[in-house]
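So this first bit is one chain, no partners, the form predicted alone, shown in structure tokens.
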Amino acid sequence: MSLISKMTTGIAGLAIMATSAMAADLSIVHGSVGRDHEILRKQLDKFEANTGNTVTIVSMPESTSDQFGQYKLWLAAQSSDIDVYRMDVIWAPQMAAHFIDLNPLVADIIGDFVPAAVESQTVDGKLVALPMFLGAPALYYRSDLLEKYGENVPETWQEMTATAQKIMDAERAAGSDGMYGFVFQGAAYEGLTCNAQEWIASNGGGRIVELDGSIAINNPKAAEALTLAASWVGGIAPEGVLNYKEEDARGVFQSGNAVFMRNWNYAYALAGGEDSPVRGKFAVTTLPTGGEGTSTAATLGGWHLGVTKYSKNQDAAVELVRFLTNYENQKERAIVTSRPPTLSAVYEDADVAAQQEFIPLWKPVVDNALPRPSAATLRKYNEVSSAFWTAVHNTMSGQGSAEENLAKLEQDLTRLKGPRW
């Protein structure tokens, strides 16, 4: 071997050793539905090829409430096993102490993100997580069935109820015994909080807890909304809806057995997939209102990426967070999973509009989505949400009237608040 060859080999060997020495083994915890896991793994493979780092996905159950419970255990133990957490939009105020401040590390790109998404992750000036994707629910409907029966897209919950009943009855009479009018997330978990907040707010019943921290949920308009929702169970919705989460509702709708569905944006790509029985037979619209003088209300959703301060590879973890939220990856995620992006420019991308036509149309909905009261209730939000979804679930399952359960909820929230949130 020549001297030059030996030198070249030696330099290459040193480069490999240096890369190996700098490479980090990272882990990202990630609860997913739909094609989230698939697209994440694909993007992580690119990250590994570009950086020499390795990234393991730690999967979580579908229920956000279960995820939150596990996260609290890891963080309370100051575990270094997880470097990057995929966090629900509502968790920043409760978990801020456990995460590094991303502000100085993303100052060059943060101005490109949707302002509302950034604000939702900022606690006392600290950027807890970098927004990954947003969510604002839609009313999915069988456009073929509405056309078949000469029905318009409903604008109010009352119209939706009547249309769902009419089409369900007609389809069952024609032999479709498994047809239902409406499916949604009715299990006793965070998803029900999102649904019920929309029913109440769109009916003029206010918020679970108002922006100033006051409690006014025990009111006639809120009771009216919950009473209507309770009438759906065993009527236009199956009894089992009381145990439905996102994927349960999607399964019924996508199999062709529901006229309407309330669900997040991710379901659009799946329901429109090549193997979907309802491909080409459905469309989406904004959620209904409560009637004259009220407006639609869509809960702000989304998942964001935070780097725990217990990570032993914080620099590499920040690099990963920046990578997963860059333009190329947000564009790919929007096209494949129909998840609304957090970079404003992706909404204007022609490829995204061509392949997921509703995403650019959903920008105003995302911008005006209704946040849950995590900012007002701070670290007590999870208990507040649990008390709320329990009151709603009890009402829908026949355990007390809406008025009775809202009165008890008011007492529970007042006790939780104490002298201050």
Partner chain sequence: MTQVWLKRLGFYALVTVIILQAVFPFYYAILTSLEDGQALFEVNYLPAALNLVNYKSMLANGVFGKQILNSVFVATVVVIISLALAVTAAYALSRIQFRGRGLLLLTILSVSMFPQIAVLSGLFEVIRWMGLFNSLWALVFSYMIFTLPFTVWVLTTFMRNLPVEIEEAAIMDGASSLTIIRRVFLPLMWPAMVTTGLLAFIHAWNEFLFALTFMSTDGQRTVPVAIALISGRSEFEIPWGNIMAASVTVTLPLVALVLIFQRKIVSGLTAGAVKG
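Only a predicted model underlies this, so the values are computations on that prediction, with no experimental measurement involved. Numbering follows the first chain given and starts at 1. Take the two forms, superpose them, and find the largest set of C-alpha atoms that agree within 1.5 Å; that set is the rigid core.
In what follows, reference is made to the form predicted in complex with the partner chain, a form of this protein that is not presented.
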Among 289-297, 196-204, 118-126, 243-251, which stretch has residues with heavy atoms no more than 4.5 Å from the partner chain in the predicted complex?
243-251
Can all three of Val33, Glu62 and Pro277 be found with a heavy atom no more than 4.5 Å from the partner chain in the predicted complex?
yes
Examine Ala353 and determine whether its closest non-hydrogen atom to the partner chain in the predicted complex is within 4.5 angstroms.
no
I'd like to know if Phe182 sits close to the partner chain in the predicted complex, meaning any non-hydrogen atom pair within 4.5 angstroms.
no
May I ask you to state whether Leu370 is within 4.5 Å of the partner chain in the predicted complex, using heavy atom distances?
no
Indicate whether Trp232 is a 4.5 Å heavy atom neighbour of the partner chain in the predicted complex.
no
Report the residue, out of Ala345, Ala77, Ala216, Ala174, that has at least one non-hydrogen atom within 4.5 angstroms of the partner chain in the predicted complex.
Ala77
Only hit among Asp112, Asp144, Asp81, Glu151 for heavy atom within 4.5 Å of the partner chain in the predicted complex is Asp81
Within 4.5 Å of the partner chain in the predicted complex, counting any non-hydrogen atom, which residues from 303-321 show up?
Trp303
With both forms fitted on the core, check whether the Cα of Ser338 differs by 2 Å or more between this form and the one not shown.
yes
Would you say Tyr71 moves between this form and the one not shown, meaning its CA shifts by 2 Å or more once the core is fitted?
yes
